[in-house]
Every structure is written in structure tokens, then in C-alpha cells.
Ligand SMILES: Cc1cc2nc3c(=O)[nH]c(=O)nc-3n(C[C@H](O)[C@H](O)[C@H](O)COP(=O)(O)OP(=O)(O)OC[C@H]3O[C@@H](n4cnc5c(N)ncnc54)[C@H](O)[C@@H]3O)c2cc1C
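Below you will find one chain, with nothing else, as C-alpha cells; this is the form predicted alone, and questions on how it binds or moves follow later.
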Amino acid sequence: MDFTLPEELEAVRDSVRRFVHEVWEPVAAGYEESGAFPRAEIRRMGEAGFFGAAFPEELGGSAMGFLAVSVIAEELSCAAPELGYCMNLQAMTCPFTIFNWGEDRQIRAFVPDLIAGRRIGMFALTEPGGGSDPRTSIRTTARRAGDLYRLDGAKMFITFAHAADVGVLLARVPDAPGHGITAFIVEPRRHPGFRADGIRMSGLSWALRANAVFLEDFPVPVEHRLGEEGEGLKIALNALEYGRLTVSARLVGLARACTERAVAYAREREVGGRAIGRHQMVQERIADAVVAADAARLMAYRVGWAMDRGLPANRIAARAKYFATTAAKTAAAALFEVHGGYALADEYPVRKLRAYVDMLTVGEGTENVQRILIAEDALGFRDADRHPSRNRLRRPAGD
């Protein structure tokens, strides 16, 4: 890197490394074997302050800012990519959406417990058969009946839904403005009519898994509606902007992990008495991975830097997510090719790392979705920063 992070962020990075090595690694295999959700360890992460960087101290946060969020997400995903999910669901898309859009009573009821790891969060947007545009893909309905909404429908690929205590869920209210899309704070474990079925994904964690969610006459109190009826689309798009902050950083962490392991293997693996890293084709792969990971990190950090200053960030978040995807894919391909046949052996983490790269390629908008956003913005067809970035922690000047 061409610059040095503040000492406090380097200290945070070190604490993340220690947590993974001392707390998570000794128990990780046991959780994967049993499929049990690691509530105790996530609570310890919350107690360590990993989830509270973007929140004020009165809510239990540290107010260190979004660059700190990026650093933590990167380091977690480099050392233990399965824990990277937590940076979305415990630090951004669930609690920060409530913080950003909720009333004071909602914020105080839910945010402190989420960022402390005392409650587990989820963010439920994607639906079966749905595309990338939530305006047309959301079919889950929310019908008001007195002081309750009754929700019916299904969601797909909802991480932590099997263990979630609190979630932000998007549904369509008939006849409401804004395509009817409305955001709700839901409590799956407190009310009937919510079922989560785990989805097996090769190479990905089973303990920290994604789920298919089914809602049948699921009750949500009116006071748990987030914003007004019909405001759900802008709430969801704003949430995805902050999700791209963490997803970009997580991809950078994966790119680093792939690159570091490729370098180590190329130095130690010998063929014919010579380290394979001496071969130019191997060096070419490693050089591409090193440079791509370094550039992706700078772009991801720029998103956090801009958010910390209350600047529009949707444009640079889309670019950062897109480039971090390409960087992680480049590094994963290098890791695979350097290992050769051993890349298929379970004793090496090659397949696991590639699986997480593939998963994050889709998360918070696929490559093609980001390409459309970036190209239409560059061509002047649609300004990526046309909507103000809502950021309750850092308000733009004059707001």
C-alpha cells in the first residue's frame, strides 16, 4: 500500500486476526460438523466491537466509521471467510438500515442488541424466481389487519434466517404507492408463520448458512413498519449501497487470502528440484493477482472514506464492488492453477475460497448489474449518485 492506516485501525485489524486464530479456529470444525449456529462466538465478536464501528457510542458503537467497517470485513474474510457474513447482517444491512430509517424507539429496541451480538440479524429481500430489480421481483404481500400486517410469501438465499432474532424484510402492500414495496422489522423467533430451510451450497458454511424462507400469515405489528408504506424500494437500495461497502471489502479479503496462499505454495512446491514460483507462467498469474488485490483494496477503502464524510457513494460503491469481484476471481484462478491437481484435495482450502468468491460475485448485485450501473452513469444516461446517500451517522453539508 502507498499509505498507512491510522494506528487505531491497524489495532482493530490485529484484534480481528487474534480473534480468528484464538477463538474461531479451535471451534470452527465442530460447528460445521454439527450445523449449530455459533451464537456464543458472534456475541464475542460483538463484545469486541467488530459490529459497532458505524454506530454512535450511545447505542453501544464506537463511531470509528465506515473505513473501519471495511478494514474489519476485509480481515475477517481473509482469515475466515464464513465469518464475513456477520459484517452484513450484524454491522450493516440489518442494523444500519434500522438505524438509518427507523424511529428512535425502533433504533433503541433493536440496534444495540444487534451490534453487540446479543441478537442475530437478517436482511430478506431476494425472492424465488426474482430478478435483480426489486420493483418487479417482490411478490411477498403484507396486508394490514388492524394493528398488524399479515405477511405471506417466500424469500430465497436469506443468510442467518434459521437463527435470526431480528430482520429487515421487504414486502408489497397492495394499493400502496411506490410499487407498494414496504420495509418491516420482523422477529422470526417470536411469532408463528415463519419457516427457514437451509440451502446446501458446496464449499460454503453449513453453520452460517443461507436459507429459503416461507411466510404464512406471519404477523408484524404496525409499529414495526420501517418508514412509510411504499418507501421500501429506496430503503432497500440504500441498504444495498452499504452492503456493497462490506461485500467489496470481503472480496478484497478473499483476494488477499488467495494471493497469499498462491505465493506460499509457489515458493514451497518443487518440481524437478526447483520451486514452481521460478516459472514465468506462475509468476504471471501471481503478479496479476497481487496487483488486482492491491487496487481493489484501495477502491474499497475509498468507499468507506467517502461515507465517513457524508459524500455520495453509490457510484464508487458500484465500481468498487465490480472491481473487487474481478480481483477476487483473478486471485482465485491463480490459486487454483498454481496448486494444479492439489487444488481438488480437501486438505487445501482452494475450493472453499473459490466458493466464497463465487457467492460474493452474486451478492449485492451481480457483475452485469454493476456493469449497467457503471456504464449508464459514465454515458450520462442515469446519474448513479442522483439520489442523496442517506447516512444518519454522517450527514452531508447543508442537509
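Numbers follow the displayed sequence, beginning with 1. Because the structure is a prediction, the values reported are computed rather than measured.
Keep in mind that the form predicted together with the named molecule is not shown, yet the notes after this line are about it.
Trainee: With a 4.5 Å heavy atom cut-off, would you call Leu125 a contact of the named molecule in the model of the complex?
Mentor: Yes, Leu125 is a contact residue.
Trainee: My question is simply whether Glu41 lines the interface with the named molecule in the model of the complex - judged by any non-hydrogen atom within 4.5 Å.
Mentor: Flag for Glu41 set to no.
Trainee: Should Met64 be classed as touching the named molecule in the model of the complex when contacts are defined as heavy atoms within 4.5 Å?
Mentor: No, Met64 stays farther than 4.5 Å from the named molecule in the model of the complex.
Trainee: Gly198 versus the named molecule, in the model of the complex: is there a non-hydrogen atom within 4.5 Å?
Mentor: The answer is no: Gly198 has no heavy atom within 4.5 Å of the named molecule.
Trainee: May I ask whether Ala210, Val362 and Thr366 each come within 4.5 Å of the named molecule in the model of the complex, counting any non-hydrogen atom?
Mentor: Every listed residue reaches the named molecule in the model of the complex, so yes.
Trainee: The named molecule isn't shown here, but in the model of the complex, which of 223 to 231, 273 to 281, 198 to 206, 71 to 79 has heavy atoms within 4.5 Å of it?
Mentor: Only one stretch qualifies here: 198 to 206.
Trainee: Which residue, Leu114, Met307, Ile158, Ala142, has a heavy atom that falls within 4.5 Å of the named molecule in the model of the complex?
Mentor: None of the others qualify; the residue that does is Ile158.
Trainee: Between the options Ile372, Ala48, Ala36, Ala333, which residue brings a heavy atom to within 4.5 Å of the named molecule in the model of the complex?
Mentor: The residue from Ile372, Ala48, Ala36, Ala333 that makes the contact is Ile372.
Trainee: Pull the contact list for 69 to 98: residues with a heavy atom within 4.5 Å of the named molecule in the model of the complex, in sequence order.
Mentor: The one in contact is Tyr85.
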